[in-house]
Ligand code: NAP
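To begin, one chain is listed below as C-alpha cells, in the form predicted on its own.
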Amino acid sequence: MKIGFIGLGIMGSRMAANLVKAGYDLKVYNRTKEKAGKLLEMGAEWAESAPEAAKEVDVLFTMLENPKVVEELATGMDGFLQAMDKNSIWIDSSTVNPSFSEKMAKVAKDYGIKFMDAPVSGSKLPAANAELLFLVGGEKEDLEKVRPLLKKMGKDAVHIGPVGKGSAMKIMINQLLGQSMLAFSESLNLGMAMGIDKKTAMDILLKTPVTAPILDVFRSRIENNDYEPNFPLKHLQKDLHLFTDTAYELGQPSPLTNTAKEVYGLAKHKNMADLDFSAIFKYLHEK
C-alpha cells in the first residue's frame, strides 16, 4: 500500500514516522523541507509538491494548521485532489470545523475520491508513542480499510458517525481543554495573589475532583515557567474559534467559549502564540 502524508509539524512528523517504522511505503510533503529531514533518513520519499505526494497513492493523510491551508492545498490552482487516483482515500486529520469537513467531502466526491475526517485526541508524546485516539467521520467500510494504518499511529480509531462528526467531537474535546486550563490558571493566579504558596495551591487544586485530571500533565510547565510547545497556544485559540463558529452556524449559545477564545487571543498578541497553551497562566500572572 502506497501512502502519502502532507503536513509534518509537531503531530504530523511523528505520525508519519510511525508509518515508516511499520514498513509502509511513504511519500511526504511539507512547505518547509527541513521538517522532513528525519523522515527522509528513515526511508520516506520526498515529494516536491502536494500533488506529487498525492499522486499514485492508495491513502493520503493531511495534518495541517487550519481549514484555509487544507483547502488551498486540496483545491487550489495546483491542488492535490486533481492528482489523486479515483477511489483512493483522503484522510484529513487536521482540526477543522465540521461544516468544512462536509464541504471537503463533497469536493473530493466530485473527483471520485473517498473522504474521511479523522482528527486525533492526543499531543506530541502520544503521537510519538503511537497512542493517539482517532475520531473518525465517514463511511464505516472506509474506516475498516484504513484501520491497520491508524493502529500504527494510535491506540484506537472510533467511528463517531458520518463525515464531519469526527471534527465535531474534536472541537468539543479541545473546547473543554482550553476552558479547563484557563479556569485552573485563573484560580491559581488569584490564590497566589491572596498569599497562598504556588506549590501548595497546585497540590490541593490538582487533588480535588473539580479539577480536570489532564491538567496534572501541565503542572511542571507552570511550576518551572517552561512553555516549550506541546500544543501551541495559537492552535488552541484557533480551535476555540472553530467551536464558536460552529455554534453560530447552528444557532447555539457559546458565551464561555467566546470569552475564553478572546483571552487566548490576547495572550497570542503578547508574543505567546508559539508557546504551549498552558502559557495562559503566564499571561494572567504577568498582567
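This one's a predicted model, so the numbers in the text were calculated from it and none came from an experiment. Residue indices: 1-based, along the sequence shown.
What comes next is about the form predicted in complex with this ligand, which does not appear here.
Of the candidates 63, 240, 54, 28, 63 is the one whose heavy atoms come within 4.5 Å of this ligand in the predicted bound form; the others do not. The contact with this ligand in the predicted bound form, taken as any heavy atom within 4.5 Å, belongs to 123 out of 180, 75, 99, 123.
At a distance threshold of 4.5 angstroms between non-hydrogen atoms, residue 235 is in contact with this ligand in the predicted bound form. In the predicted bound form, this ligand sits beyond 4.5 Å of every heavy atom of residue 4.
Contact annotation: residue 167 falls outside 4.5 Å of this ligand in the predicted bound form, judged by heavy atom distances. Using a 4.5 angstroms threshold between heavy atoms, residue 219 stays clear of this ligand in the predicted bound form.
Between 39-47, 256-264, 220-228, 63-71, the stretch whose residues reach within 4.5 angstroms of this ligand in the predicted bound form through a non-hydrogen atom is 63-71. For the stretch 3-40, the set of residues having any non-hydrogen atom within 4.5 angstroms of this ligand in the predicted bound form comprises 7, 8, 9, 10, 11, 12, 30, 31, 32, 35, in sequence order.
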